[in-house]
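Given as structure tokens, the chain that follows is alone and in the form predicted alone.
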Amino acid sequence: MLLIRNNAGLKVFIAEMKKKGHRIGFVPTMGALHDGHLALVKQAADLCDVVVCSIFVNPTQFNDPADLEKYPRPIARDIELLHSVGCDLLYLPEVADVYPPDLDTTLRLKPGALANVMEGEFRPGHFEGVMQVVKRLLDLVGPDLLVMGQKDYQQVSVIRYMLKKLRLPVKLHVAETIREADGLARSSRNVRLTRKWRSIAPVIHKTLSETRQNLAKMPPKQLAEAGFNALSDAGLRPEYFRIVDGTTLLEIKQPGKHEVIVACTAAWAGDVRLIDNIILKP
């Protein structure tokens, strides 16, 4: 596996791969890798000839400076993990590589409700930062396929909107959420959970699964309230629990009128914020 830290080296590598006619898969990450990330790399390897992974803790998507400061950065371990699953290139840039002072990387896209609901309500500006960094990385890597995980369902929805709106020549592949044996979604933040909160956190997936089972039995609003209360009763501090249309991310009232329905939630386990979702329909 090659490790490249600057844009010049990346440009040479990508040009050589494209000259050979190789299909390039790209997995953008912020590091602190786990099995979920590695599954994305493996899927990219199955679908493409060359896999590029980036590790960049993007400052523009953190609305809380303390959260940015606390974000784990075990780079040596990340390199070993990527090497073990056959990643071809790790792009490890500095902030100045991604956001050169002489280049305006600001995107003036307005995804509307896609970015304003749920996460957007509690993390203002977050998705603007996500779109900005993904667009910039796509410009640098120029992949054929972008691989992302379902755990960040709203993020995937925003990026899908961006790709379509800007008519970018890259396809999006969404991989299923990888979970622990007890159902907890794999996340870089899980390492910060104390033993107490780690034992409680699986209630998130349990509640989402119960919501799926009850979709035909209860109105969506009542289902969402029940989910919110279940997380609260378990000791978590839920910020939201929503039953939404899988395309618009707007809350639904009549399940029969929607082709795709998703339950999405975010909750605090102590001082660690966890998000998860489950597809209720189809």
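These figures come from a predicted structure and were not determined experimentally. Residue numbers run from 1 along the displayed sequence.
Keep in mind that the form predicted in complex with adenosine monophosphate (AMP) is not shown, yet the notes after this line are about it.
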Legend entry - Contact flag, D182 vs adenosine monophosphate (AMP) in the model of the complex, heavy atom cut 4.5 Å: no
Legend entry - Touches adenosine monophosphate (AMP) in the model of the complex: P220 (any heavy atom, 4.5 Å): no
Inset, instruction - Mark M148 yes when one of its heavy atoms lies within 4.5 Å of a heavy atom of adenosine monophosphate (AMP) in the model of the complex, and no otherwise. - result: yes
Legend entry - Contact flag, G31 vs adenosine monophosphate (AMP) in the model of the complex, heavy atom cut 4.5 Å: yes
Inset, instruction - Work out which of T211, T177, Q132, S157 lies within 4.5 Å of adenosine monophosphate (AMP) in the model of the complex, going by heavy atoms. - result: T177
Legend entry - Heavy atom within 4.5 Å of adenosine monophosphate (AMP) in the model of the complex - the one residue of V52, L40, V244, L231 that qualifies: L40
Inset, instruction - Flag this candidate site as yes only if G36, Y71 and R186 all have a heavy atom within 4.5 Å of adenosine monophosphate (AMP) in the model of the complex; otherwise mark no. - result: yes
Legend entry - Candidate stretches 221 to 229, 235 to 243, 22 to 30, 253 to 261, one within 4.5 Å of adenosine monophosphate (AMP) in the model of the complex by heavy atom: 22 to 30
